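A lone chain, given as structure tokens: the form predicted alone.
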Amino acid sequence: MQSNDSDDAIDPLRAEVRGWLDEHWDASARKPAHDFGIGWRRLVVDAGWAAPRWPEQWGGRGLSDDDALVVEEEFNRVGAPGCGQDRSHVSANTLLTFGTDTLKHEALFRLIAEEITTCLLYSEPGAGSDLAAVRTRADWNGEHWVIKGHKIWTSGARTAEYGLLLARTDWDRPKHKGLSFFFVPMKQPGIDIKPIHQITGDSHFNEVFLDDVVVPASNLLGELNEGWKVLLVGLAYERLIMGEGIGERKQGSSKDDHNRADLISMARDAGLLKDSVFRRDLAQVLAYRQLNELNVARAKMELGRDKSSPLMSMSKLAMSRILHEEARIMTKMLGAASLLDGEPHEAAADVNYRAANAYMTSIGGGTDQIQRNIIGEQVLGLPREQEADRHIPFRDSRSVTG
């Protein structure tokens, strides 16, 4: 549906969303219109706007994709946050699809209200690109699950209250078949978190050591030993988010139109808009962004609640290439000034940060090489790469025996 400002032509749903926002949100000040006694995000959740595609039972409105886009458009129009989490919240969408009712009642509403935070406990020192080779183990002791292992590259682990964790529950099955997926309480003994210093100066990533960590039976997501299916859905949401360019810059996410304005403004200031070769490169990267927006929209349409889409890999790979190319173009525009850094040289510092931070998208959520494999096999129909240990018990695989 397209926005129409005519009072006679506006559809009822758009009118309802606008009316609610007019009452609750001050668009000029970009803040809630009043002190409602609860946080803004909780207000949005209680109204059903945070995840409008979800069933009403779990805080949504059961809207179609087209209608949900109307809601998102109206929130974006006035700069109000909190909507669209049925496409952007990795943990909440994974929990909705695979969680027990007990767990959903406990955590789902608090997740989309941002009252609790989560992290992703997937990669390990010996299992990064091949997540099916994880060796963190989960053992059932008759009362609860006990987790032992070592995770790495975990964003937000120090503040997270829960972690989505992939662990080995059956060592006698092939590596993809003996995995299970858990929603792990992070604030408990046995969890040791060590930050990793990044080249950007940030420390978003962490190593996480788990020693006899307790997980209730109700916190198993999906079926026992079927965690690979859960992981693929979680990865699809993560790749969708990264494909949209979330977290590109130091100060949070950066919208595509801001990136375009930055590039064109910098080129104008550098006197390069009349340079035909540079103008071609600039037009190319801007066209890539536009094309990726269309592919992200297509991927969203294919993403089901219980399945992933290989189109997410195309979007993520495209955004990785876009970020690297934009950093290259910006470095070229600055010339020798790009060698500078720090507060006195704000433009150079921003470009240098972009250049280093682009590698986060190249690696996080599955490397560029992994995305190419997925696209080759699942989009182009190329033969699958041979895996000698794909069908043997995991305890006999090279991941364990070395």
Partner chain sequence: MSEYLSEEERRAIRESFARLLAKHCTESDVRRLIATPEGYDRDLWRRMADMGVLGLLVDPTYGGSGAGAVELESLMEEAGAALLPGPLLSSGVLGSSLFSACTDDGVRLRLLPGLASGDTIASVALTGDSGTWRPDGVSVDAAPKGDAWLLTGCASFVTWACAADVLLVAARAPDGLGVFLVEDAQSLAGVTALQTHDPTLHLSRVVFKGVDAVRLPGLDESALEQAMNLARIALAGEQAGAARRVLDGTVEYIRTRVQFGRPVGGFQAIKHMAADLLLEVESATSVARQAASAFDEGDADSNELISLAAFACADAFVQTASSAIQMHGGIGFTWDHWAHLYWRRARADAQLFGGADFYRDRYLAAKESRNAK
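Whichever C-alpha set is largest while still superposing within 1.5 Å between the two forms counts as the rigid core. In this text the structure is predicted, and so the values were computed from the model without any measurement. Residue numbers count along the first chain shown, from 1.
Below: the form predicted together with its partner chain, not depicted.
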### Single option in R137, R110, K332, R87 placed near its partner chain in the predicted bound form, where near means a heavy atom within 4.5 Å
K332
### Query
Pick from E377, D46, D65, E346: which residue has any heavy atom within 4.5 angstroms of its partner chain in the predicted bound form?
E377
### Query
In terms of non-hydrogen atoms within 4.5 angstroms, which of the given stretches 23-31, 38-46, 360-368, 51-59 touches its partner chain in the predicted bound form?
360-368
### Query
Even though its partner chain is not shown here, does P125 get within 4.5 Å of it in the predicted bound form, heavy atoms only?
yes
### Task
May I ask you to state whether H197 is within 4.5 Å of its partner chain in the predicted bound form, using heavy atom distances?
yes
### Query
Is G190 close enough to its partner chain in the predicted bound form to count, meaning some heavy atom within 4.5 Å?
no
### Query
With the partner left out of view, is D262 within 4.5 angstroms of its partner chain in the predicted bound form by any non-hydrogen atom?
yes
### Task
Assess the spot marked by A283, L317 and P383: is its partner chain within 4.5 Å of a heavy atom from every one of these residues in the predicted bound form?
yes
### Task
For the heavy atom contacts within 4.5 Å of its partner chain in the predicted bound form, list the residues of 200-218 involved, in sequence order.
T200, G201, F205
### Task
Kindly check if the Cα atom of N93 is displaced 2 angstroms or more between the shown form and the other one relative to the superposed rigid core.
no
### Query
Just checking, between the shown form and the other one and with the core aligned, does S276 shift 2 Å or more at the CA?
yes
### Query
With both forms fit on the core, is the shift of the CA atom of R173 between the shown form and the other one 2 Å or larger?
no
